[in-house]
Each structure stands twice: as C-alpha cells, then as structure tokens.
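Have a look below at one chain only, the form predicted alone, in structure tokens format.
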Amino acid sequence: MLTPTVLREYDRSAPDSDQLQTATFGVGCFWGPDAKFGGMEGIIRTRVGYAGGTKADPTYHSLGDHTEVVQIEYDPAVLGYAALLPEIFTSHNPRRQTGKRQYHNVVLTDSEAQTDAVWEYLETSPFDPDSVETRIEELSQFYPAENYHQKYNLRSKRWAKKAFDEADYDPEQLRDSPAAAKLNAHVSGHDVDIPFLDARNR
C-alpha cells in the first residue's frame, strides 16, 4: 500500500541533490512538463517556477518578464544532459515562439557545457538552428512557484495526496520528493515504473 513509511523510505533512498545535475526549461504551462519529465528514468526531482526575466521575486499574479519553467534534478550516471535535449525540443515547436512571455519556449543553461550541448544538438537535429525561435539563454536565477503549483496533478488525487499528508510532508518536502515526482507523472497518465505503488492504484 501507499503508506507514509513507503514514501519516506523511497525518498531517503534517492540520491542527494549534490550528487545530481539540474536542467531548467520552459515549454508552455509548467504543469504538463513537470509531470512528463518527472516520470522519466534518471530524473529524481522536479519543481516548477519562474525564470528568464529581470523582476525580483516574481509571483504567478505578478510575473513581470519571467517565464513558467520546470527545473529537474537528474542523475548524470543514468541520464546525460544531451539525452534530455530531444525530449525537451520535441515537447514543443522550436520554430515557433508563443506570443505570451509567460509561456515562452526557453532553455536556460547553467554552464558552458550545457550551452555547447544545446547548439551541438541543434546542429545535428531536424531543426535548422537559424530557424529556431526557442530562447536559449544562461540561467540567472530560478524562483520556485507557489505551493499550489507544485505537483499540481498529484494534489488533485486524494489517495495520493493523503499519504504525503499522513507522512507529515510540508509543502517544500512534497515539492522536492522523488516519490511525488513519480506519482505526479503516474496520475497524469504517463507510463511510469513505480515499485512502491499499490496495484489497486495502477
């Protein structure tokens, strides 16, 4: 069964953040990619937020020039940054930018190696780099979104959210829970291998 003990044990067994690498990108409303990428093998944690702009301390109702983005923590021993790029660029149309900056397509790199990897991917991809309108920029700062946006689809499933409540997870722990990332993907309809999930909830 999906019990507090099962959730805590799964999360304790996950690699710490200092053993992982991050990738940050926006491909429209952040709820969808949060769920999709959270279910991928090698991705340990996800969180949604705002980045790519200059306004200090943006909020959903006062976003300024920021964009909705997803930030993932992934295990480089399982999944390299280059392997993420096809998933990111096929999640949207890179040749077309949305009009509203809140939902822009953007890849925010946090190192020269990530920037180089993006351009190397585009050079060998079906997308002509000169026709790509997706913003490719250096990440300056990531601002986590409000609690109600984190693991949005999981929050709508009482049986899933109840287990975290019973485990006394606070909002930040739920946001950064590896178990929550997988369950959020599962309840959103993605095919995810979740060893701790009771068969009745599959």
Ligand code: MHO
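Everything quoted here is computed from the prediction, not taken from an experiment. Just count from 1 along the sequence shown to find any residue number.
Keep in mind the form predicted in complex with this ligand is missing from the figure; the text below concerns it.
key: Partner-proximal stretch of 136-144, 173-181, 27-35, 158-166 relative to this ligand in the predicted complex, 4.5 angstroms, heavy atom   = Flagged stretch: 27-35.
TODO: Would you check, heavy atoms only and a 4.5 Å threshold, whether Y103 touches this ligand in the predicted complex?
DONE: Yes, contact at 4.5 Å.
message: Whether R45 contacts this ligand in the predicted complex should be assessed with a 4.5 Å heavy atom distance threshold; does it?
response: Outside the cut-off, so no.
Notebook entry, point to check: Even though the chain is shown alone, can you say which residues of 140-157 have a heavy atom within 4.5 Å of this ligand in the predicted complex?
Noted result: Stretch hits: a single one, H149.
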